[in-house]
Each structure stands twice: as structure tokens, then as C-alpha cells.
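Heads up, the chain below is alone and in the form predicted on its own; it's given as C-alpha cells.
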């Protein structure tokens, strides 16, 4: 449905987007994830015809949207956009949702039928005559979504749709997004800095870092096999350790890292500088002298710090390189760990993802 080809955008001398390329398939949920300020919102505004690109093209069903001035109204009506901060008019919920249909000149009967149907979908049918500005933030966001949905867009763009909402409201909006995609067949393009939200919702996602897509793919590919250190950091691979491949046999490399030999699968060659990416939850802690199981990588170290993360504990260990492990509070308590404790860390070779060191 959407082809983004070489899009760039500058505001004065500041380059916000550079050579952005991606495709969005009809009927899918595509998430743009990335840190704040990476260019996500600007890309959505370009697709929604609210900004002109400095270079490149956006094709909507094969039409260059910024070159087709005679089709701009039709193109705008084929898509809708929901912003981070919900905007509602100072009138009833019903009238807010009906606004776009009145502009299109629909009959009163047709408007009522459509609005009532959409209010059922968003779960606010019983609030139709209530003032929209008396609703909670999550409810106002649902009204903003309904106001777009009632116009039956082929493409729905959403910019940080749950950024200011509590967890319960966030769950409600995410359920609504799935419903819109499943029951209406609407294609959704969602920008979010919440990588877990992207993972929960998206069929595919693109990681935007410094104004370009560093990686586009299936969520599990991006979270388990990031292409660069930047993507690895963003998706939670906290342990990123530099090293050099010293040996390789049948796709299993030995990497010199901080004076330790780490085993990891990779097609890269001997002598290459690499970064080893390991998720904290893939690191297991043992007391010295305890059997560490089948893991190929087992190192002795010293606990540097322990931080609470809800029911988990984040344990920092120095073992020739700094390594973070994630364990339950009960496991840490049973091991008797504290800052200064001697400990063994273990992780499987398959838990290590290797990227070339020069790839940022």
C-alpha cells in the first residue's frame, strides 16, 4: 500500500530524516519504533501530507502523494491520523465523532448510523450525549480514534497513541487497535518509543535511529537478531561487549573479549572486530563451585551492584567485562548475593548475537 523511497527532510540546516526506505503492506500493522527525536513523527506527517519531504517519494497505491496535487483531497480522505495528545471539540461525544462526516455532506440518517456503530466499537455508546471534554484522557483518545475511524480510512496513522495514558487505558487502546485492524481491515502505521508496545501490536516494525531505519523486519527478528549496536541497545540487549574473533570452526567463533574467551555463532571471519550482544535475561547466576549446566560460556566474577526492577533484580557483575543479569528477587535472595559477592555467570553460545563493531 505504501512505499517510502529515499525520504529525507531538513528543517533549515537540521537533517531530521535521511534516506528512509520501507514498504507497508495492505492490512498490516507496521510500527515505527525508536527513541524520542529520531524522526518518527516527522515521517508520519510527511505520509499524511502535513509536511513536504526535502527529497524522495511516498507512493500510496502507486501514486506519488506529494506530486499528485489534483488528487490531494482524495488522498487525504483515504487516510486518517491520530496524534499523541487527543484533541476533542467542546461538544458532545456524538458530535465529535460525526464532525468529519458532516464535512463530507452525508445525510443525517447515514451519519447517525455510522457514528452509533463506531461508538459501540470504542465502547462509548452510553456516553454519546456527554461532553467530550469531561472524559478521561484514555476516553478522549478513543473519541479521537473514532472520529477518524468513522470516515473509513484505508490507512490509519497513529503518533504515540498511548504516550500519556495509564496502563489500563493503554491496554484498552491497544485492544481497540487490534479490533480496527482485524474487523475493519484497516492498515495501521504506528509510531511509538515503547518497544514492547511495538512488539505486542506489530506484524512488522522499523527501528528508526538518527533519522533513518536502522532495521526493518519481523518483531522477533529485531529483538533477537539486531543488525547494529544501536538497534541492540534500543531493544534491550544491555550487554554489548567489544571483542575480536580469534578462531572460528563450523560457524562457532571464539571471541577475545576483556581477556576472556567467549563462544558465539557467527558467519564473520577470524580477525574481525565485533560486538557481542546478550540479553540480561539470558545470563544465569551461580555460586562459585556450583555446576553451571551446559552453557559454553562460564566466568567467575564479582557482583558490583543490585537494583530492584519490580519482582526482578538487575545484577551487575564484573568478570573481565561488565555483564548484567536479570534474576527473580527470590533467586538473588537464595544465593545470598550482595555487592562484593563472588559469583559465576553463565550464558549459552546461542544467546550471543554478533554484529560487526563498526556497525553503529
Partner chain sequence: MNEIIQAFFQAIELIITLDPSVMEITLRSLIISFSATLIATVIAIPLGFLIQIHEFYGKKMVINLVQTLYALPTVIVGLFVFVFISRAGPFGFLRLLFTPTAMIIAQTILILPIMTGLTISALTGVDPTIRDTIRSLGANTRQYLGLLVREARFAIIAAIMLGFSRAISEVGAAIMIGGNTQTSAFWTSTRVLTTAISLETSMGNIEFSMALGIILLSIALVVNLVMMRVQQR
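Residue numbers count along the first chain shown, from 1. Predicted model only: the values in this text are computed from it and were never measured.
Below, we turn to the form predicted together with its partner chain, even though it does not appear here.
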Next item on the list: Verify the flagged residues 50, 88 and 99 against its partner chain in the predicted complex: is each one within 4.5 Å by a non-hydrogen atom?
Entry: yes
Note to self: Looking at 76 to 84, 118 to 126, 197 to 205, 231 to 239, which stretch has residues with any non-hydrogen atom within 4.5 Å of its partner chain in the predicted complex?
What the structure shows: 76 to 84
Notebook entry, point to check: Counting only non-hydrogen atoms and a 4.5 angstroms cut-off, does residue 66 reach its partner chain in the predicted complex?
Noted result: no
Next item on the list: Please check if residue 147 has a heavy atom lying within 4.5 Å of any heavy atom of its partner chain in the predicted complex.
Entry: yes
Next item on the list: Flag residue 45 as yes or no: does it have a non-hydrogen atom within 4.5 angstroms of any non-hydrogen atom of its partner chain in the predicted complex?
Entry: yes
Note to self: Considering non-hydrogen atoms and a 4.5 Å limit, does its partner chain approach residue 247 in the predicted complex?
What the structure shows: no
Checklist line | Position in contact with its partner chain when the complex is considered in the predicted complex, options 220, 133, 108, 178, heavy atoms within 4.5 Å | finding: 133
Next item on the list: Identify which of 103, 287, 270, 252 has a heavy atom within 4.5 Å of its partner chain in the predicted complex; exactly one of them does.
Entry: 103
